[in-house]
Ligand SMILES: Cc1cc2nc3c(=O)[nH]c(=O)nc-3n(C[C@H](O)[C@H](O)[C@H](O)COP(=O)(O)OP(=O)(O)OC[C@H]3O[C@@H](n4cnc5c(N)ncnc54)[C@H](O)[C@@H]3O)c2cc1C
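Coming up is one lone chain in structure tokens, specifically the form predicted on its own.
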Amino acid sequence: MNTNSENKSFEDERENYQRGTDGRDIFAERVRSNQCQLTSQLRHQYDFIVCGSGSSGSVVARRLAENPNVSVLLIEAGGTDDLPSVMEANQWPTNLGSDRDWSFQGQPNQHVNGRSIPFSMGKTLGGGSSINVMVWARGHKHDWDFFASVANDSAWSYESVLKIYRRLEDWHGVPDPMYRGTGGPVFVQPAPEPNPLAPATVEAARVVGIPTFENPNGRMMEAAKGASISDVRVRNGKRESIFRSYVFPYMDRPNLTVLSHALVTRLTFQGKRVTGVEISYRDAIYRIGAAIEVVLSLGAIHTPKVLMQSGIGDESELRRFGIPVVQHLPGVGQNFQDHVAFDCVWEYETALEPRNNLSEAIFFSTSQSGLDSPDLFVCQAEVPKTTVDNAVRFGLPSAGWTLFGAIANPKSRGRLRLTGANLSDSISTSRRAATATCM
């Protein structure tokens, strides 16, 4: 057996998959066969357990699995991402409210005319990166420098993070070595041949004094205002999720197991040391140990829920539901934030053909003079879009388009609270002028 030749062949197939060229089906079949074997022979212990296959969890799992000497288990509550609604870039609206969306729902709120505000969160391999709009958007210079200042750590600064962006990008636009990188795992390109709505949106922003930039992720992230055609995570009409970019190319390896349809219910402990996780899988409860570390990357709602139901949180809150306290940590569940956003919908006189990811223009601006970084942003979408309640109440045109406006830096803060000690109990989400119960 020529092992070196086989390994070279496997590497060629992996590279072909990542480039989107021939050999994708061959590699995908090898992944399927390997993962079928690995998940049918689950171990009692892995070196690392990563909970949640969204953007953060996918990156962490991949980086850990790059070391062939450690075993990694990546756990995801949702199912496969190999579905047209996920993989076809222009099908993302069909995921909202589906079984690939946790579909958290706010309580009726007097501050928004008694309406219930939905919270969408991905419940599939790839998490939010498998149901989102695929717009590649970096943080603003002032945001990163603020993080560095608060953390007293220059590694969070804009200059430091810019180097990381250049390293991880595979930019397929006009070369710009100062701001953009090539050869990384994250395929990015300017929306090709955009819908005429997109350049019209950028031009409209220019007319009202918002400058136009060559792309939204270079110089524009250093300016107070800016408009541009969007950078998108779409290749040949297909979604490029973070899971597909980072994890899938390594799923043919024996040291990375990806377990879907498995819900993390609690952490397990020896004293105050986390030893593993408890999961609900195939109508049974399993306990799996972690020899080195457990990583929680379950999103802004499920991460604090699992921590609190495991006994980590505010002591008085935990005792209210009879949960044994492992560690009094009152910050768990605090400082919940969400963008305030709204949709403005227009009806088409003549319907235009949808293209790319249906969202190909973006602009940032300031709400008042004197600000040196944007606090407002707007995305254009080539579909009529709103909440289910609004669609029922007001109706939506059969064909139309949307401007989605949002506050970039919300000042309000809320908290997440348990409503019970059991897995099936919801979590209450409250914020200034708003409360929500997430099912």
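For clarity, every value in this text was computed on a predicted model and none was experimentally measured. All residue numbers are counted from 1 along the displayed sequence.
Just so it is clear, the following notes concern the form predicted together with this ligand, a form of the same protein that is not shown.
Remark: residue 128 counts among the residues lining this ligand in the predicted complex, judged by a heavy atom distance of 4.5 Å or less. At a distance threshold of 4.5 angstroms between non-hydrogen atoms, residue 294 is out of contact with this ligand in the predicted complex. In the predicted complex, this ligand lies farther than 4.5 Å from every heavy atom of residue 218. Although the partner is absent here, residue 106 sits far enough away that none of its heavy atoms falls within 4.5 Å of this ligand in the predicted complex. Between the options 162, 345, 77, 229, the residue in contact with this ligand in the predicted complex by a heavy atom within 4.5 angstroms is 77. Contact with this ligand in the predicted complex, defined as a heavy atom within 4.5 Å, holds for exactly one of 318, 307, 121, 277, namely 121. Listed stretches are 299-307, 80-88, 166-174, 200-208; the contact stretch with this ligand in the predicted complex is 299-307, by a heavy atom cutoff of 4.5 Å. Scanning 134-163 for heavy atoms within 4.5 Å of this ligand in the predicted complex gives 134, 135, 137 in sequence order.
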